[in-house]
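Coming up is one lone chain in structure tokens, specifically the form predicted alone.
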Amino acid sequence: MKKFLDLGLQPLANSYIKKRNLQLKEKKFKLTIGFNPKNYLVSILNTVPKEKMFNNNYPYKSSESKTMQKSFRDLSHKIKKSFNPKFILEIGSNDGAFIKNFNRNHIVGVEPCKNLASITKKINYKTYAEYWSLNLAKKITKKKKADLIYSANTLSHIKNFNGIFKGITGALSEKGILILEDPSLLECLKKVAYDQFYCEHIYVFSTIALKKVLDKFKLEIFDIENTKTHGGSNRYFIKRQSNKYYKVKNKVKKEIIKELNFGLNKFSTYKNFALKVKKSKEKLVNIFKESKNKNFKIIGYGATAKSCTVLNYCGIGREYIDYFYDTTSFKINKYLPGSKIKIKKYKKLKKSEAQLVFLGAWNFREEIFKKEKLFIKKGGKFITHVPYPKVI
């Protein structure tokens, strides 16, 4: 593994701080990212134990985003129409944004964060509050194998591929389909979105790297969709290599060519990305400094795990941003890790409140701009760092 990017010391991105704990010293870890020239995997080099990240206080809820709700709803229609599965299994079911689109007798969720698993259990969806493993796969599919396994933004969080895919291949029926969805490495590099890297995102996948992983387990990608979620993701449709029912579509070859043309198989591409990240930091800090020199009031919008990486890497704290707005109930009245900026309950933006708003949730930009039409109309402006720092 060859190191190419150092994002400094970072706190756990989702460990929001209660007021009474503000004086306590935070645990931080070195966030460095490397590239493996043999299998093309890009990953963080110092991983954090999963129990520290995915526990009973996990704050992210998929259902609190209209963008994510729509994405899951649209996909569920496609699944019913194209594959008509009798039994579905979701790994990383969160608060049920995906499984709620299906009959509760035909789907099972796996969600290790007990606070989230309890949400779907309350509405009578069978949910296992455990980490995915081969043993759990055997337990769930003892009587009936899964026709379809779905997992969004979960594979990138799990270090041990062996355990994951042994469980998946053990649980999947012979003609079964696996759908994986995760942030796209190509989009991450194109957009200089270095905030895709934080403690939970052990991997950011390219198609060429995932193909090599799947080969070991006799699985193959037969279709790909590029989606807008999480700042640009890939949705992979995967089958057993022995399954001749689904033909491999030309889109897969096109995606691989696109990635190779961009240089996702070359270390020099990642070194170049690291230089762009450094320049991005300098530009962003300058925007904040210049805005403060003009006595502009700045607030933040979306106290996300991504924004945590940016603020800590760039050294932007309470001297620049007064507070953040967020809709996530669990985060309200807490403080962002590292920067210790207060998080307030979201309300519509007003020009009288702040001249500039830092877009922490840049990946939901379209949804946010629709919501804040009036603020923008009256001359309100946003600071973004993607694809490069600017005021919009």
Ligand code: TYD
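Everything quoted here is computed from the prediction, not taken from an experiment. Numbers for residues come from their place in the sequence shown, where the first is 1.
This protein has a second form, the form predicted in complex with the named molecule, left out of what is shown; the following refers to that one.
Here is the short version: of 205, 132, 236, 198, the single residue with a heavy atom within 4.5 Å of the named molecule in the model of the complex is 198.
A heavy atom within 4.5 Å of the named molecule in the model of the complex is found for exactly one of 36, 69, 327, 47: 327.
The shortest heavy atom separation between residue 26 and the named molecule in the model of the complex exceeds 4.5 Å. Although the partner is absent here, residue 364 sits close enough that one of its heavy atoms falls within 4.5 Å of the named molecule in the model of the complex. When the named molecule is considered in the model of the complex, residue 331 lines it closely, a heavy atom lying within 4.5 Å.
Remark: residue 194 does not count among the residues lining the named molecule in the model of the complex, judged by a heavy atom distance of 4.5 Å or less. Annotation: in the model of the complex, residues 281, 321 and 384 none come within 4.5 Å of the named molecule through any heavy atom. Heavy atoms within 4.5 Å of the named molecule in the model of the complex map, among the stretches 75-83, 114-122, 186-194, 294-302, onto 294-302 alone. Scanning 211-230 for heavy atoms within 4.5 Å of the named molecule in the model of the complex gives just one residue, 230.
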